[in-house]
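Next up: just one chain, as structure tokens, the form predicted alone.
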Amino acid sequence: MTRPVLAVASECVPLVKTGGLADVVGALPRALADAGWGLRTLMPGYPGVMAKLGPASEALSIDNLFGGPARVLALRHDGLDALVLDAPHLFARDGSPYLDAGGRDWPDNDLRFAALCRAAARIAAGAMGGWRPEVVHLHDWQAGLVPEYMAADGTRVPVVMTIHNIAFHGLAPASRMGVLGLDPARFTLDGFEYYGQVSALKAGLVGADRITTVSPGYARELTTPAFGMGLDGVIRARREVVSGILNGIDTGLWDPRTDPHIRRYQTPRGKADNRSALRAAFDLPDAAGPLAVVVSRLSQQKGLDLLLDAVPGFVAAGGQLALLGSGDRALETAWARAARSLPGVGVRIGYDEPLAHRMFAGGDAVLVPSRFEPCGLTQLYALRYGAVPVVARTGGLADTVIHANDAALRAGVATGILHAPDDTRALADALEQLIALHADDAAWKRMQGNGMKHPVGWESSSRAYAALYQSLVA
């Protein structure tokens, strides 16, 4: 018998994606199906989502959801059991899910995602009739207010809150409590108050029965002021219900043997052909040194400013870099300038999913110099496609890559290179090690092979989530 779970998130592959959150939310239902848990995923009906919908039925109608009528549509889409909140007054607008066309946060984001949470609470209470979840699984701040609304309704269903990135709190002025339909009595240190503001993420953390993060390393880091982003005290206070469950990747979508976007399977000859195609795509000349790739949001968190300082030395030593990403406008400009001034650097501003697949297939190495990284999926794609990850020693990066120190190289178990985070010199040293290892053909091929055999799917993590759900409903 399949046991029902309501997942709530702001994005989900294959309907909408701005980052790794969508990949994880989209992969979990498939990963947990074999364990007997049937996830239905509630997400907002952005224009891009609505345009992709096929036949759908109306599962719930809401006369007035924060200023306008709304409905929840139920459908199957590419294997996903989806619930879509169709609320045009909140979501039918140009821009990204979170930003307007000018790159600024929508001023009513607090209300938009409060509506998602309010609809989720209605579903948890049984408003969809014959379907009611045994567990509610929330993802990041956009789903954080669900426990508040469930408590207001008197609904008692176990709640899991997963932190994908604690840097984003979903803050709103205290004056918005009335508009958001929140109980002012809960605006306390033990409730959703955060330095005089409403924190949607904190509401989820204090209201959930269990809290998970997306790697064991990140779970430990969040208890410290350096990584807890002002919520480390909340995490420490709830330490007994916090656990880290490592993300996986969809090994069906990311399979170098069947990937329709790449030229050749990842044999040595296949890597060479894919590398040549990638160099052509980025207007890079043939070279003997390693071709490193970056597929990333351009932000301070991702350490791409540090890489700007380290990349001239890497290129001078014979390396090349192909970068695909968008985000911070100053970083976009700086990387475009680097591509013009350094002959070994190619840059594409934006995001292109097929190109990302070709970059993992053609790159010799993948660089992830993040200052902090809850889990990271990029290094997992790299391992799967025979690209050696060069990553900061933080969060899930440190949990998934075996550093090529002398002991690991002698034992033949190394899969990548780790370096201290937030340190340009350490990153430059790691790039020097990359060039040296790439020149050692035997050691390099062994690392590539180790990476391609490394488990990167959802097998063990899905069992951990299934056990967590079971513990809540037992």
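The numbering used is simple: start at 1 and walk along the sequence shown. These figures come from a predicted structure and were not determined experimentally.
One more form of this protein should be noted, the form predicted together with a small molecule, which is absent from this view; the next part is about it.
Distance criterion of 4.5 Å from any heavy atom to the small molecule in the predicted complex singles out 352 from the list 134, 255, 183, 352. In terms of contact with the small molecule in the predicted complex, the residue from 158, 325, 289, 216 that brings a heavy atom within 4.5 Å is 325. Stretch-level contact check against the small molecule in the predicted complex with heavy atoms at 4.5 Å: of 331-339, 383-391, 307-315, 370-378, the positive one is 370-378. Remark: residue 295 counts among the residues lining the small molecule in the predicted complex, judged by a heavy atom distance of 4.5 Å or less. When contacts are judged by a 4.5 Å heavy atom cut-off, residue 15 does not count as touching the small molecule in the predicted complex. Although the partner is absent here, residue 456 lies well away from the small molecule in the predicted complex, with no heavy atom inside 4.5 Å. With a 4.5 Å cutoff on heavy atoms, residue 301 counts as touching the small molecule in the predicted complex.
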